[in-house]
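The chain below stands alone and is given as structure tokens, in the form predicted on its own.
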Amino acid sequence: MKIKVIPPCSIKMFRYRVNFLAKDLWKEKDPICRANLALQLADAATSLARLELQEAQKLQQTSQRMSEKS
């Protein structure tokens, strides 16, 4: 059996983290736990937004270089 390890600071890991935290937040009934989950979700979503922006900028730069060459 082959085990895949996702780097903890990768964009994929932040996508998973935001997804799981959002699902946990919807299921949680305790208001204190909901507040803690919401804070964690906000932090993870902010990090994910920065990573997504970096990826979009990389793609945009690559696209511009390709169009300049042709």
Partner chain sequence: MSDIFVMIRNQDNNALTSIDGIAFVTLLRQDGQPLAEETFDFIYADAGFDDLPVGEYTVVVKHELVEPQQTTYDVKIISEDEVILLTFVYLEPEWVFLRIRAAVEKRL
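Positions refer to the first chain, counted from 1. The shown structure was predicted, so the numbers you read here are calculated from the model rather than taken from an experiment.
Same protein, other form: the form predicted in complex with its partner chain, not shown, and the subject of what follows.
- Mapping the unseen interface onto this chain, residue 3 counts among the residues with a heavy atom inside 4.5 Å of its partner chain in the predicted complex.
- Under a 4.5 angstroms non-hydrogen atom cutoff, its partner chain in the predicted complex has residue 19 among its neighbouring residues.
- Among heavy atoms of residue 24, some come within 4.5 Å of its partner chain in the predicted complex.
- The shortest heavy atom separation between residue 51 and its partner chain in the predicted complex exceeds 4.5 Å.
- Heavy atoms closer than or equal to 4.5 Å to its partner chain in the predicted complex belong, across 9-47, to the residues 12, 13, 14, 15, 16, 17, 19, 20, 21, 23, 24, 28, 33, 36, 37, 40, 43, 44, 47, ordered by sequence position.
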